[in-house]
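In the block that follows, a single chain appears as structure tokens, in the form predicted alone.
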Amino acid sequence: MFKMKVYLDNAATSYPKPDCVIKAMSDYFKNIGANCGRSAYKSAQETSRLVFETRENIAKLIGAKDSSRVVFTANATEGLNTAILGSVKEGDEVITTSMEHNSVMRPLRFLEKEGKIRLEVVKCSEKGELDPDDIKKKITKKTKLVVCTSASNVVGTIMPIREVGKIAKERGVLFLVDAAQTIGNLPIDVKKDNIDMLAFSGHKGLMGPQGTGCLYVGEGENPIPLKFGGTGSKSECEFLPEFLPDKYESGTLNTIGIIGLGAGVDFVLKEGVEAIKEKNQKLTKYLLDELKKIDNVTIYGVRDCRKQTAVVSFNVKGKRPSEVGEMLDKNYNIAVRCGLHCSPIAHKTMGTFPEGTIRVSTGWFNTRKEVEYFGLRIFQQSWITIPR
């Protein structure tokens, strides 16, 4: 039997990557190969130029005026840890939501367990929706930081970032956003959205390779670095330079990854975030419409393509998520993500803990035909009931 290969796990990492990303990384290894910011010979200068251009394009994408405040990290997790661990001190209060990824919850729970902070977790609805007023009610004179995802990685629910940012700004509280799920897929503007720090990965909506990410550090913000070491600048000094981005980029950068990321960001800018958003919405609407036809399928979240990213989570009555995922993979060559998606608190909010859900997430390179193939294979199962 013919099996179409269908990749529907773009919320984990986008695949396939644009040809320009593969070409840029290959060209770097074949023809350049040097470090950036470490030497003055031609290939080192060319590397530095490519890295700088990537930084500039990312700043353009997020509405940042100063590209030096765009710091390269290994992933969104490193950026979030730098921002959280480097910004709070003993006795501070931190507010977050019940839809966060463990990249937010684990550093916060660590600080809470150590007795360094008081943590307030604002409960979202079962659909993953956040009421900004619930954040406002929790802010006290001791609140130092509000941390919030821009969209759930489990159900795709888009959070009211701009409204929360406005509240934080009015109360003089730092606002950190985890944009791993939205960067490249939805418009983000650090100024208009009142964002002080923004962390995101490079391998999802930005089409870059794994092992890449960024932390935007807003003007006036000065978190303590997560690591200390060589920067290629101020080498005569045994202390880290205070200027950005060097302060947060100790050690050799993942240069080939950053160059691949640069090509991915360039691809996103050329295609246009609005065009990407529109295509994602069309595929998500079709996927939701098809799953809604099945009687014993439960879909979680807002179930509205205008209010969520291209992430759809569902379960089949009487079947564990892992069973459905294994069937799709082995029998039909369809890749989906099953389980808790590194977000146990989100699943507790939705009532799907501890088994989790089946998560389907489309991307720029998915087609209507692939989504139809997925839907057909779900429909064909003997344990599926279609209302007459």
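All residue numbers are counted from 1 along the displayed sequence. Not measured: the values here are computed from a predicted model.
Form predicted together with a small molecule: not shown, discussed below.
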ask   = Three residues, 80, 153 and 181; all within 4.5 Å of the small molecule in the model of the complex via heavy atoms?
value = yes
ask   = Using a 4.5 Å heavy atom cut-off, which stretch among 167 to 175, 277 to 285, 200 to 208, 231 to 239 contacts the small molecule in the model of the complex?
value = 200 to 208
ask   = According to a 4.5 angstroms non-hydrogen atom cut-off, is residue 21 in contact with the small molecule in the model of the complex?
value = no
task = Indicate whether residue 75 is a 4.5 Å heavy atom neighbour of the small molecule in the model of the complex.
result = yes
inquiry  = If we define contact as a non-hydrogen atom of the residue within 4.5 angstroms of the partner, is residue 194 a contact of the small molecule in the model of the complex?
reply    = no
task = Flag residue 127 as yes or no: does it have a non-hydrogen atom within 4.5 angstroms of any non-hydrogen atom of the small molecule in the model of the complex?
result = no
The small molecule: the contacting residue among 98, 254, 103, 87 in the model of the complex [heavy atom, 4.5 Å] = 103
